[in-house]
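Listed next as structure tokens: two forms of one protein chain, kept apart as structure 1 and structure 2.
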Structure 1
């Protein structure tokens, strides 16, 4: 396929250099959406894109810019297929062009990571040499690999150079954004006798006002609008499940930010609790509410329901749910509803959640007050 380059636009999104002849099929791949919409046209388009030669890969990757998650997979697979065919016949891949593509952080992080994977497959040493430059990368996968390389070097120094290992882990901690990686680094540092302020590193929201218990017999409380959902009045005394209830102050000192309803309200079953707090932001901005919870829950910010889930006691982990949110400048009000069910096994006693606010990459955003 002879390649030329031109600029095209698809809707309001502008994406860049597209191999000639692939504009229309790539547009069809970008047009896929929820419920399988666009699948039929995309299947034919995919075959045309996947038939391109290796030189087309950077242009095809560029079509990921601004694409939705469904389209990303269609395009990704076309690139995989092109690469596999090129490598099978010994033609190689345009490594220099891929390197240039990665360097342009305006491209979609996943496209850049796929380009990195292709380089790693072709020239592992070359890929490894790129990692130090990716420690502050806006793409989570590239950044994660770069942080992991620093962690690996630190781990290798533990026995022979404790100070060097600690310095390495500190460097990794400064750049890590994934909760599991931060946790691993923190534990390694603490294993060397270092102190890590996990509450601050993760950025947990620790100060809350809580009220409860309200009823959740038979799971009905999850869908019942108790007064805090209708009128958040922190001075109000309300009818609870077992009498009048009031808001109480609560601050967690748990390193993983666990906000435990059992502490103020004792271990109860078939109950509902609420927690609220103010979160102050210097300016209006896009952010994520990151929640971990194994109870039924709902989360509102400034009165808007972000998400609700009625699964009980399967499992919880940090950043289990990532809820996009638009923060206002100044005061924002968070409200969390947390429901406990009827199970009595030891592993069902938790009535708690953990919550932090981050940017899209996972950098903690702390309340300014």
Structure 2
């Protein structure tokens, strides 16, 4: 199939190199939306795209740039179908073109990773040689595979070269961005007698001012604007749920950055608490506030509400919520509201959160003060 060119706006990006004859069906796939919107047209469009030959794969992958998650699934499946058919009849895939596609980090990370998987299926040694160049890749999946390769080499050296193995694990730790992989590397290092400062590796915000408890009877506290939301005065003495309350200093030493309201205020139910801190940035920049919390919560930065969830005791995960934020140069003020509900089972006693600030890839950004 001959390749042509079509430029279609996708936010700040464009996609081109679309195979001739697939412009319209790919546009139909990109138009798919939630609740089945566009699915009828997409089914016919998918059949046309999936019938293309292997040379079309890079252009089809490029159509993932700027696409929504629904469209990504349709396009990814079409690429897999093309590849399986080509390999089943003994034809190869355009490996060089796929490698060029991966090298352009402007492409969608899921598209680039799918291209890498296709290369690995065709030429495993070639894919392996690409990994060192992907250790700082902005796509988490590609970076993860590259880090895993460093971990594997380190593990293979443990018995014969302990110092080399430790150096390898340290290299992997410096590039890892996902919690489970960082945990695995940390355990491997500790197994070799090394210490790992997980607080710094993850970049947790550890020093806070906290105040509470305020009321949350019947869940009303989540939507109530208590004084810290209106005027953040750290010298104030305020009316709490059962008397006057003041701001107190708090520093977490938990390796996973857990900020526990039960520590200064004791284990309480149907209550609301606040935590605030100053985060200093060496310049204005985009970032993410990454939060893990199983309580009802709200987060403000510099007085602007970023996001909120009125939900209790679902499973908490690291980086459970990723909130885009624009940091100012200099001081930025963070405020977290955390509510506890009426449940009394042991597994509902947690009144806590964990928070860090990162770039889009999960690289920690540390306060300069």
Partner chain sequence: MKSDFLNLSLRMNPMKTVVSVLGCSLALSLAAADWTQFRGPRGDGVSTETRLPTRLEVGSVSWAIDLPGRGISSPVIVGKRVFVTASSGAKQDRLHVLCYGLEDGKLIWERKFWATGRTMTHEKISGATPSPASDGTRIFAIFSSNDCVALDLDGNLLWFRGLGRDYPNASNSLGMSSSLMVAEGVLVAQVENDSESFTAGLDVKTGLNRWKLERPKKANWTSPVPVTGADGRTLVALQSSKGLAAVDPATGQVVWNYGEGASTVPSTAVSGGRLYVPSQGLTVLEAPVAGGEPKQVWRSGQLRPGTASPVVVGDRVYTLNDGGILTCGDAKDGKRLWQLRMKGPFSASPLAAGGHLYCVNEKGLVQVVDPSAPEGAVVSELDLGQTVIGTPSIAAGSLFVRSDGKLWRIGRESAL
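Predicted, not measured: the structure shown is a model, and the values here were computed from it. Numbering follows the first chain given and starts at 1.
- It is structure 2 that shows the chain in the form predicted on its own.
- When the structures are compared between structures 1 and 2, the hinge, where C-alphas stop matching one rigid part best and start matching the other, is found at 196 among 46, 142, 196, 55.
- Interdomain rotation between structures 1 and 2 (smaller rigid part relative to larger, C-alpha based, rounded to whole degrees) is 13°.
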